[in-house]
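Below you will find one chain, with nothing else, as C-alpha cells; this is the form predicted alone, and questions on how it binds or moves follow later.
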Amino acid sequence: MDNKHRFGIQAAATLLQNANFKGFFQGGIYSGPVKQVCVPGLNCYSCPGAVGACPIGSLQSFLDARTFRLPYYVVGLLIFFGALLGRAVCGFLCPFGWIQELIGLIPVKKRNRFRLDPSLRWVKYGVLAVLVIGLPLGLKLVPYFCKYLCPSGTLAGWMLAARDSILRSQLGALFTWKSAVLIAVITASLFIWRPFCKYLCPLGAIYGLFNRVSLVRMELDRDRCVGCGACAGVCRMCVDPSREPNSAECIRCGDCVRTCPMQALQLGVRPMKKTSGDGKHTNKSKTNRG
C-alpha cells in the first residue's frame, strides 16, 4: 500500500469520525446515541463534527468520577483496538495524526533525528501515567489531560468559538494556555513529523505496548536482509526495522516496506514467507500449509 492509499484511508477515517457535518456550520455538538461509542483515534468529544467519544476522554470520565467505576468498556475497547491493530491505529485511523501529516506537507526542511529525540519519546508514557491515570484517580472531577494538554480538544474549542460570540467572551487564561500548546504542536509539525504522536500522545503510548503482539504486525525475513540501512534511513518515526520491526514507535506507515531493496520486510496480518537454505520459500503460518 502506497502513501496515497494510506492518506485516503486517513481522510476517510477522519470524515467518518466527524460525520456530524452540520455541527461545523451551526456550532453545536452532536449528542445522539452513537456519541457513547469510543472511536479508535484521538478525536475530541467536543468537536462540532464528532459522532463518537475519544477513548482517552472516556477513560478519564470514569477515573475522575466522584465514585470510582472500573472502566471495563473503555479498557476493553483499547485492548481490542491494540490487539488487532497496535499503532496502525495511529498511522491509519487517528484524525489528529492526519492533521499533523497535513501540516507536515508544507515544504519545510524536516529534522526528525536530533539528540533529545530518544529521551522525549518517554514523555508520552509520563503523560499517560500522570495526566490520564494518576491525577484523575487521586484528584477527582478533573480530566487533567483533556483540560490542560490535549491539542485536539483545543482545536475543537477553536471551531466552537468561531461560531459563538458568547463562548468567545468567556474564554480565559486556561484556553490561552491550551491554544499556546496547540500552536506549539502545529509549529513543531512543520519541522518534525507527527511530533505530538512521538512525544506526548497517551493513546499512542497505549497502542505502542501492543505492537509486538497485535494481529497487524511487521515481519522481517533475516535471510533476505543485507543490513543496508535503507529502512531505517526512510523511517520518519526514527525506527530501525532491521533491528526492531515491531518497535512501540512504529505506526505501520509502510515506508520501510516500500523502500527495502531486498523485500525483507512485510506488513500484514500473517507471518511472511521465509527463504529456506535451498532457495525455496516456506511459510511459518500453520494456517497456510497445504
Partner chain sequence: MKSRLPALALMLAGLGLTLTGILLGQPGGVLMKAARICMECVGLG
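Here the structure is a predicted model, which means the values were calculated and not measured. Numbering follows the first chain given and starts at 1.
Just so it is clear, the following notes concern the form predicted in complex with the partner chain, a form of the same protein that is not shown.
*Asks:* Spot the stretch among 104 to 112, 194 to 202, 131 to 139, 68 to 76 with residues whose non-hydrogen atoms come within 4.5 Å of the partner chain in the predicted bound form.
*Replies:* Of the options, only 68 to 76 has residues within 4.5 Å of the partner.
*Asks:* Does residue 35 reach the partner chain in the predicted bound form, with heavy atoms at most 4.5 Å apart?
*Replies:* Contact check for residue 35: yes, within 4.5 Å of the partner chain in the predicted bound form.
*Asks:* Quick check on residue 12: any heavy atom within 4.5 Å of the partner chain in the predicted bound form?
*Replies:* No.
*Asks:* Answer yes if any heavy atom of residue 210 is within 4.5 Å of a heavy atom of the partner chain in the predicted bound form; otherwise answer no.
*Replies:* Yes, residue 210 is a contact residue.
*Asks:* Just to confirm, residue 46 within 4.5 Å of the partner chain in the predicted bound form by heavy atoms?
*Replies:* Taking the distances in the predicted bound form, the answer for residue 46 is yes, it comes within 4.5 Å of the partner chain.
*Asks:* Name the residue from 156, 206, 99, 220 that puts a heavy atom within 4.5 Å of the partner chain in the predicted bound form.
*Replies:* Contact check passes for 156.
*Asks:* Taking the partner chain in the predicted bound form, which residues along 92 to 125 bring a heavy atom to within 4.5 Å of it?
*Replies:* Heavy-atom contacts within 4.5 Å come from no residue here.
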